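Before any questions on binding or motion, here is one chain by itself as structure tokens, the form predicted alone.
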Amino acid sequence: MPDTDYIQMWFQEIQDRISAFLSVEDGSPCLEDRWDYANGTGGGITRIWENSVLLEKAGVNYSAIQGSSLPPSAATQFQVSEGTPYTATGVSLVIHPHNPFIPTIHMNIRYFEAGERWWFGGGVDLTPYYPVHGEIVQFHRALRALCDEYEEDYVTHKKACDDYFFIRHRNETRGVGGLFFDHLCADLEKHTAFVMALGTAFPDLYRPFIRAHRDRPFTPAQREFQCYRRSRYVEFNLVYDRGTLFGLQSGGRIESILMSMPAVASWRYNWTPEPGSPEAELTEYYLKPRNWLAE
């Protein structure tokens, strides 16, 4: 069985590294909230930035919890017996910048153990509002290089990301994809190294977007479009996201579970963008599964 103490130590280190990166880029400290798991043992550390210079809402959450009985719905999903004791630990983050030219990003790395079964899961995905084609391609090139280094299959994980982060009732992807993987359990050493490398690589993946666009001016109409598109993010998280649903079903800490929600989002009835506009290009071109490495 994996060494859960080692995994938890690394996850805490990754949270610290990402938090330090965000504080440097934003120029402001986070709000840190330590909490205990009410329905078992363990707890976590939630770090939040709100209405700061760069970050309208951002959260980096570490958790390590143990429970004596897996919830029925989770037992069915994970294909283990109902009532099986479990351990879950991981790091999850979502960043919603003020500037609509800087994309929202989500990353999650996690380890789960139920009875004699164990596995890693996680991924990273990018949700731009005004994407720059070359930046999207470079993001995917970096992910492929990471997969190649640790002998993971970029094509498989990229397709899984496109399939998972698909808003079925809108018939569109949540963003421009990335990586998504679950139930990695074939090679403990390799999977551990890959998951930790993804978490460690996060600042290098996201820094180019911040540096390119943090001072770029935007109009009220572009800000309004950002808020409109954020509503799709909310819809996905509340309807489809497995982590959110597991947290709610297992009695997790609601403030940490819903830290992924943007501070401001809006819904407009039956609105469509002007044909030929950048806003139309987002949905017509970018929010469809694409082979970005062939672009």
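Predicted, not measured: the structure shown is a model, and the values here were computed from it. One-based numbering along the sequence shown.
Beyond what is shown, the protein has a form predicted together with another copy of the chain; the following relates to that form.
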Task: Candidate stretches 8-16, 267-275, 21-29, 280-288, one within 4.5 Å of another copy of the chain in the predicted bound form by heavy atom - done: 267-275
- [ ] Indicate whether another copy of the chain has at least one heavy atom within 4.5 Å of a heavy atom of residue 38 in the predicted bound form.
- [x] no
TODO: Answer for residue 57 alone: is it within 4.5 Å of another copy of the chain in the predicted bound form, judged on heavy atom distances?
DONE: yes
TODO: Indicate whether residue 46 is a 4.5 Å heavy atom neighbour of another copy of the chain in the predicted bound form.
DONE: yes
TODO: Considering only heavy atoms, tell me if residue 254 and another copy of the chain come within 4.5 Å of each other in the predicted bound form.
DONE: yes
TODO: Answer yes or no: in the predicted bound form, does another copy of the chain come within 4.5 Å of a heavy atom in every one of 169, 234 and 248?
DONE: yes
